[in-house]
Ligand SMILES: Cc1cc2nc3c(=O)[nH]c(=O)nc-3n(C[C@H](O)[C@H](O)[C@H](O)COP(=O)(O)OP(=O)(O)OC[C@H]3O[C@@H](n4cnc5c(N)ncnc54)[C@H](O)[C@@H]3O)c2cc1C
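Next up: a single chain in structure tokens, the form predicted on its own.
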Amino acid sequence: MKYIAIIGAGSAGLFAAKKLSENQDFRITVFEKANKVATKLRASGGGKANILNADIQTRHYNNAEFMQRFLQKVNYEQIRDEFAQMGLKMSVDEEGRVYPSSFFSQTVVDVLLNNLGENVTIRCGFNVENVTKAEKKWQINDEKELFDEVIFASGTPAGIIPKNRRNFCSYLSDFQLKRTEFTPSLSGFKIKSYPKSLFGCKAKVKATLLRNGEPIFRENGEVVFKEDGISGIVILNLSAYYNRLDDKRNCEVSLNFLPDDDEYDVKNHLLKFHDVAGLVHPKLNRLFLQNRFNLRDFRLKIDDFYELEFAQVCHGGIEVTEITENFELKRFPHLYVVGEMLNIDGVCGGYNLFFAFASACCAANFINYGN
């Protein structure tokens, strides 16, 4: 009999528990600090749970070299088929985003929980403070039961308010792993000299991230104007590329409010109608009348990210140099790190949840068959 602990009952933790529970010689305990499982998974995709993307490529992630090797082991089709075998019916939109056909995140949580074997115990409201070596096995806090294998799947502090981030993953401190500090990713931008009159406005745009006037990344989508900055999926994706810059000075966002018509003659329109009311949101028209700007190149200087509690994902975490290709810690055999705890993050669209599920699948398969 082999005893396995999983720290964290989120996407990666539950997926690992499901895979491991297929082996009846395992006894699996999942420790979760919150009072219920899969809090972030329930909130993902605006409650619709964008769990995968049909276009999983290395360019969508911050560590392309690692991801290139990893995707040779586990790919989109494998994780899609795993969910299908659990009974989850899925729908794919025109952008390749994969959702449960119910378009309700609780469906994914229920499918994962319903497919856990009877050899899995979930203990919610349990704060793991220490993971220590004991009798060639691993002890969680002062629990009497010792574990042969432990999977770290605690996620990141993204979306967590400051008081709840205290001592986040403090059990890692004794291992002295090489880590990059967590910073917000997939987060809106605070803007210098922000035009507050645009608060509440939404617009379809082509958004471009610029550094020193040079384009870094561009994408079409909806921008949302907040009280002191901008958000929306297209901005979140720009933020992922912004976070990867070594030098974040002199960065701007350029918004093209006419993304589908590069030929439309704005000058002629103004000569005839004297405003742009027929082209853009009323708030944009009022701002334009006060101080004319280029509808195809409206520049906003980036001040900072929104704080961690407003981020969907974090950049940073345990460096991939600390793990083997099977997600086992090189210096601590039988300990594994999966999902968001690693310094791997992707853009919006199901890429981060794919990595959570796929890394958990890889570690579980290795525990099942590799040692």
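Since we're looking at a predicted model, the values are computed, not measured. A residue's number is simply how far along the shown sequence it sits, counting from 1.
Not pictured, yet referred to below: the form predicted together with the named molecule.
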property: Answer range among 318-326, 42-50, 299-307, 65-73 for contact with the named molecule, defined in the predicted complex as heavy atoms within 4.5 Å; result: 42-50
property: Exercise: Ile7 in contact with the named molecule in the predicted complex, heavy atom 4.5 Å; result: yes
property: Contact of Leu20 with the named molecule in the predicted complex (heavy atom, 4.5 Å); result: no
property: Contact test in the predicted complex: Gly159 vs the named molecule, heavy atoms, 4.5 Å; result: yes
property: Any non-hydrogen atom of Ser154 within 4.5 angstroms of the named molecule in the predicted complex; result: yes
property: Position in contact with the named molecule when the complex is considered in the predicted complex, options Val234, Val276, Leu177, Val128, heavy atoms within 4.5 Å; result: Val128
property: Neighbours of the named molecule in the predicted complex among 309-334 [non-hydrogen atom within 4.5 angstroms]; result: Ala311, Gln312, Val313
